[in-house]
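Before any questions on how it binds or moves, here is one chain, the form predicted on its own, in structure tokens.
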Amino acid sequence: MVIEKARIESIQKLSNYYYLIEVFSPLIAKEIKPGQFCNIKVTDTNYPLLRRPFSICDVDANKLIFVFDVHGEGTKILSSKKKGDELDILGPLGNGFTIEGKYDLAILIGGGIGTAPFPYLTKKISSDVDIISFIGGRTKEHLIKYQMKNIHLATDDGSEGFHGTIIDLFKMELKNFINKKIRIFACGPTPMLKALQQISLEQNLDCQLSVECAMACGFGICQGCPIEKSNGDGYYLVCKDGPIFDADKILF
């Protein structure tokens, strides 16, 4: 874990809701794993006071790539940055997805901005493993397709792809994969993860969930992001013990 001054290489809008930002950050880029995140300080002042956590979307040599939406003052400031500006980045943080092991089909399930960690995950999964991506959003403007493979789409309003939730679509398609040795990687809003957790436990599926949670410090000092252990033995911290958990290890 290091703090690095990272120069912005580019910033662009992917849709009416999402931005993609590339920063030159060689120290973190050579260490980070899919599913890990960075905490970014968006100004040189003490406002906003806290850093903002962002999943790593992709890595291109010495560059880190993030996708984010504007939902508060910090991300609003970040969206106004220009090429050449510097960001203060703390990372890598969190545990990352487990991609080692034997499976022949990786199913990636993302909802809204929860799709952000998957481009780098897609790049790092073995070429011997098939990949299918299930991407959901409220509308077609909330779908993130950047660098994804074999995409199945669902929107709540039916503006693109299947009309319904991404979990509804996944349940319909699951029978086509059940005879394969699959591993599920998921990230998105809590109701989506909770529904997927139930399915994976009922079907005894290998499933990893990336939990979205407000985090202040990002490395376990503030104790501000607990999630209950399924065995009744207290709590994990999402930032330090996660954000990736096996589906049978946590309670929502």
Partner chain sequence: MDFKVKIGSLTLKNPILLASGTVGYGNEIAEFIDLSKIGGIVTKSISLKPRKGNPPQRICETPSGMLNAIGLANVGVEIFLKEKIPFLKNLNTTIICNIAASTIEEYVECTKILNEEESIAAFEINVSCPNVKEGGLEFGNNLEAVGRITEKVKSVTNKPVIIKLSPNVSRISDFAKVVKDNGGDAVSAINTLVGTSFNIWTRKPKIKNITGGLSGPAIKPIALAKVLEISRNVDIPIIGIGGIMDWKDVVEFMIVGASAVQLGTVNFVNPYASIEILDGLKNYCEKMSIKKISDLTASYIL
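Keep in mind it's a predicted model, so treat the numbers as computed, not measured. Numbering follows the first chain given and starts at 1.
The discussion below concerns the form predicted together with its partner chain, not included here.
Based on heavy atom distances of at most 4.5 Å to its partner chain in the predicted complex, which listed stretch, 39 to 47, 200 to 208, 55 to 63, 187 to 195, is the contact stretch? Looking at the other structure, the answer is 39 to 47.
Phe68, Ile131 and Lys145 - do all three of these have some heavy atom no more than 4.5 Å from its partner chain in the predicted complex? Per the other structure, none of Phe68, Ile131 and Lys145 touch its partner chain.
Interface residue in the predicted complex among Ile167, Leu90, Ala106, Leu87, criterion: non-hydrogen atom within 4.5 angstroms of its partner chain: Of the candidates Ile167, Leu90, Ala106, Leu87, Leu90 is the one lying within 4.5 Å of its partner chain in the predicted complex.
Is there any non-hydrogen atom of Pro226 lying within 4.5 Å of its partner chain in the predicted complex? Taking the distances in the predicted complex, the answer for Pro226 is yes, it comes within 4.5 Å of its partner chain.
So in the predicted complex, does Tyr19 come within 4.5 Å of its partner chain, heavy atom to heavy atom? Outside the cut-off, so no.
Find out whether any non-hydrogen atom of Phe24 is located within 4.5 angstroms of its partner chain in the predicted complex, and reply yes or no. No, Phe24 stays farther than 4.5 Å from its partner chain in the predicted complex.
Applying a 4.5 Å heavy atom distance criterion, does Arg51 contact its partner chain in the predicted complex? Arg51: contacts its partner chain in the predicted complex.
Within 4.5 Å of its partner chain in the predicted complex: residues from 205 to 238 (heavy atom criterion): Those in contact are Ala214, Met215, Ala216, Cys217, Phe219, Gly220, Ile221, Cys222, Gln223, Gly224, Pro226, Glu228, Gly234, Tyr235.
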